[in-house]
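To begin, one chain is listed below as structure tokens, in the form predicted on its own.
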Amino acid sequence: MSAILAIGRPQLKSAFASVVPLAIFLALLGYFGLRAPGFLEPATLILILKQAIPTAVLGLGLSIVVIAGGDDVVAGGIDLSVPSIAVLSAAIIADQLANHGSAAVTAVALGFAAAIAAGAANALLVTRVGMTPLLATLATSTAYIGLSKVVTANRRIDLSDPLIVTLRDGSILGLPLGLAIATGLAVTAHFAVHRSRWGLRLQAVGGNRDAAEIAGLKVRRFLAQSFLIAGAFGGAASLFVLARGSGSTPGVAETLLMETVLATFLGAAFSPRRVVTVWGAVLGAILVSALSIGFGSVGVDVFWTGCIKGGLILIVVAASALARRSGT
């Protein structure tokens, strides 16, 4: 009997650690529902979904990097620069539209080109130079933020371009246009990562890199592709960042980074195997958005909201590490 308990205790410990972050979030949402009568109204729920779009799209990019590199945030896959890529791309698009009179197609093309180039730089540093993803993307994140400040002269750029207005206020079949586009991106990413041969190989690389190499998979190629895809999602998210803020605003990268990391790793709680997934990142983004709006609805100061989110990141990452250690 004692042997059975000894075997079962690590599994119970792992399961408990995995559900703690989700339980905390659900408790907070329940509290908001009780304290703020309008929190559960349809209009508020639509607002939560709209506010979650940039974080969800960024989470798609980050989740692919984590899946390819493994969910160990130190030695595995991580890309801290995805939000900074989005901010840089948004800065270029806003600058082109507002200050250079460029057509929307040209501005978006330049922004996306910068995002792809940033993703390629990350891939080069990790797969060719040999830097750890954590340090490489932390360094490039700082560089991309600096470049965005150079482009905008560290000033806010307001936009009233039809493309941004349509993305912000447009609708399709009664749903916000941005929400429909983001859903399409999530469905595409899900099938690519979880239902295609390429996605299965990507997961194999992240699950066991040595075994993947023995099986003949080009590990560095898949890792490089994950960073390039993350850069592309950063470019896509830039449009939603501009739409949500009606322009380019300095200083948003820090908040986006915090929310993206929190959403991506919180999303692992929705996976039966407690691993990062595409849909988990999307659901995590919705929870994080609900958290932000909930704190605002009960009058919590925005600075305290940031502190609480930082604490939740610690809880989520610590729980993930504990669950992984208990499962070994």
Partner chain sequence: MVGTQHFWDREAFNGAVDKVKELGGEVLPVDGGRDNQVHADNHDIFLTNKVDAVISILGDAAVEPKFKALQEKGIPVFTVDHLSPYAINNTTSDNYYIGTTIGRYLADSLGGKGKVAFFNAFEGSLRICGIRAQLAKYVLKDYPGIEIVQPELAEAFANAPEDARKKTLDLLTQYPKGTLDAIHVACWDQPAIGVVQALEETGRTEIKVTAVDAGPDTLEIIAEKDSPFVANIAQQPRKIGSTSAENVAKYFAGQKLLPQTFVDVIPVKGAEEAKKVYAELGYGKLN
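Since the structure is predicted, the reported quantities are computational estimates derived from the model, not experimental observations. Residue numbers count along the first chain shown, from 1.
The protein also exists as the form predicted in complex with the partner chain; that form is not presented, and the subsequent description refers to it.
Chemist: Looking at A153, A103, L175, V187 here, can you tell me which has any non-hydrogen atom within 4.5 angstroms of the partner chain in the model of the complex?
Modeler: When the partner chain is considered in the model of the complex, the option within 4.5 Å is A153.
Chemist: Just checking whether G245 would be counted as a contact of the partner chain in the model of the complex - the rule being heavy atoms within 4.5 angstroms.
Modeler: G245: contacts the partner chain in the model of the complex.
Chemist: When the contact criterion is heavy atoms within 4.5 Å, does G30 count as touching the partner chain in the model of the complex?
Modeler: Result no; G30 lies far from the partner chain in the model of the complex.
Chemist: Using a 4.5 Å heavy atom cut-off, state whether T249 contacts the partner chain in the model of the complex.
Modeler: Yes, T249 is a contact residue.
Chemist: With the partner left out here, check for me: in the model of the complex, does some heavy atom of I286 sit within 4.5 Å of the partner chain?
Modeler: Looking in the model of the complex, residue contacts with the partner chain do not include I286, since no heavy atom lies within 4.5 Å.
Chemist: Picking from 37-45, 22-30, 260-268, 278-286, which part of the chain touches the partner chain in the model of the complex when contact means heavy atoms within 4.5 Å?
Modeler: Checking each option against the 4.5 Å cut-off leaves 37-45.
Chemist: Going by heavy atoms, what in 109-144 lies within 4.5 angstroms of the partner chain in the model of the complex?
Modeler: Stretch hits: zero.
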